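The chain that follows stands alone, in the form predicted on its own, written as structure tokens.
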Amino acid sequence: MSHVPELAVKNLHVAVEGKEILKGLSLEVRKGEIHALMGPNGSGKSTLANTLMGYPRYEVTSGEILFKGKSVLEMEADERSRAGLFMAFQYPVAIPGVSVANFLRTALNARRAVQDANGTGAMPVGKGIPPKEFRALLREKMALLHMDESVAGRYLNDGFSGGEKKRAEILQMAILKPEIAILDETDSGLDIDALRVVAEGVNALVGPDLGVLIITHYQRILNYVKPHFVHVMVDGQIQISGGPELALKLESLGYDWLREGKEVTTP
């Protein structure tokens, strides 16, 4: 694993409409690592996700977000995405009139254009991915996620079930090959079968070239996607970090022991 973390959040303070939500949060994620960020509702988990991706409503008042050693604070959301930072949304938006295939091909070409500019791509400058190559890639990744090929022709998330929307998010991740992926409560609203399929997709993509930050309220997705590190967020700060056993402790004890500032040993 690399020495310098691909994603480094340093003493981050974030306000929304003048109210401070994140109060000095620090976190590092490297490629090859799976991190889980847990915490009660209102602790600031989604604020962190949206701030990482550059949502303009979230104002960074102090601190730093570095991606591959460079500050992203002046970068727009699309620039962050093209650079290799990805977020799967808790509530994916429907885009009527834009097919899944067209959306993914456009996004992939934008991502590859940046890789070409940096000398890391395999595409001739100014050329998009050839249609035949893209169709083969799309079929391969859809099979990986147990998605029917007919989904490619449907409008993005339009009329999709909760499980289909989340699978489409993981499909984007599979196609774009980001270096760091943030999954913002991807497990919310999924039945156990859809959760398992999404988790299998994440597991199939995780490897030495991808680091993942799973933001979740519940432990259940961690039964399927095993994290290397678990961080618990309360009131805008990470209160405690540990291994996967920390998630099991939260499952049995809840968050009250952290709110009260009391250390509790697992029976």
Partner chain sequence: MTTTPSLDIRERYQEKYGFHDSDQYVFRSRRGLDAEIVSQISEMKGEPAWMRDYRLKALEIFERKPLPTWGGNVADIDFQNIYYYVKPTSEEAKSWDDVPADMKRTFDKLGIPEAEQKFLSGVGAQYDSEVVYHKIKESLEKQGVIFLSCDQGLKEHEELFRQYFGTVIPSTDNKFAALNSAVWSGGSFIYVPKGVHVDVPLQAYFRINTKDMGQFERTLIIVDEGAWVHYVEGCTAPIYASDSLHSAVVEIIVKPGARCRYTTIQNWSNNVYNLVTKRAVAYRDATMEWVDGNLGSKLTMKYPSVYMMEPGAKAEILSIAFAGRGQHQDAGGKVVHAAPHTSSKIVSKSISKDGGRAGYRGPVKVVKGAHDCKSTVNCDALILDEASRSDTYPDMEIEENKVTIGHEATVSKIGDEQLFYLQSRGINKDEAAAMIVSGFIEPIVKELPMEYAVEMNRLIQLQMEGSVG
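Numbering follows the first chain given and starts at 1. Keep in mind that what you see is a predicted model, and the values were worked out from it rather than measured.
Below: the form predicted together with the partner chain, not depicted.
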Looking at the partner-bound form in the predicted bound form, is R57 within 4.5 Å of the partner chain by any heavy atom?
yes
Look up in the predicted bound form whether I95 has a non-hydrogen atom within 4.5 angstroms of the partner chain, and give yes or no.
yes
Considering only heavy atoms, tell me if N50 and the partner chain come within 4.5 Å of each other in the predicted bound form.
yes
Residue-level contact is defined here as any heavy atom of the residue lying within 4.5 Å of the partner chain in the predicted bound form; does V72 satisfy this criterion?
no
For the three residues V197, I215 and Y224, verify that every one has a non-hydrogen atom within 4.5 Å of the partner chain in the predicted bound form; reply yes or no.
no
If contact means any heavy atom within 4.5 Å, which of 130-138, 170-178, 144-152, 183-191 contacts the partner chain in the predicted bound form?
170-178
Going through 59-79, which residues have a heavy atom within 4.5 Å of the partner chain in the predicted bound form? Please give them in sequence order.
E76, A77, D78, E79
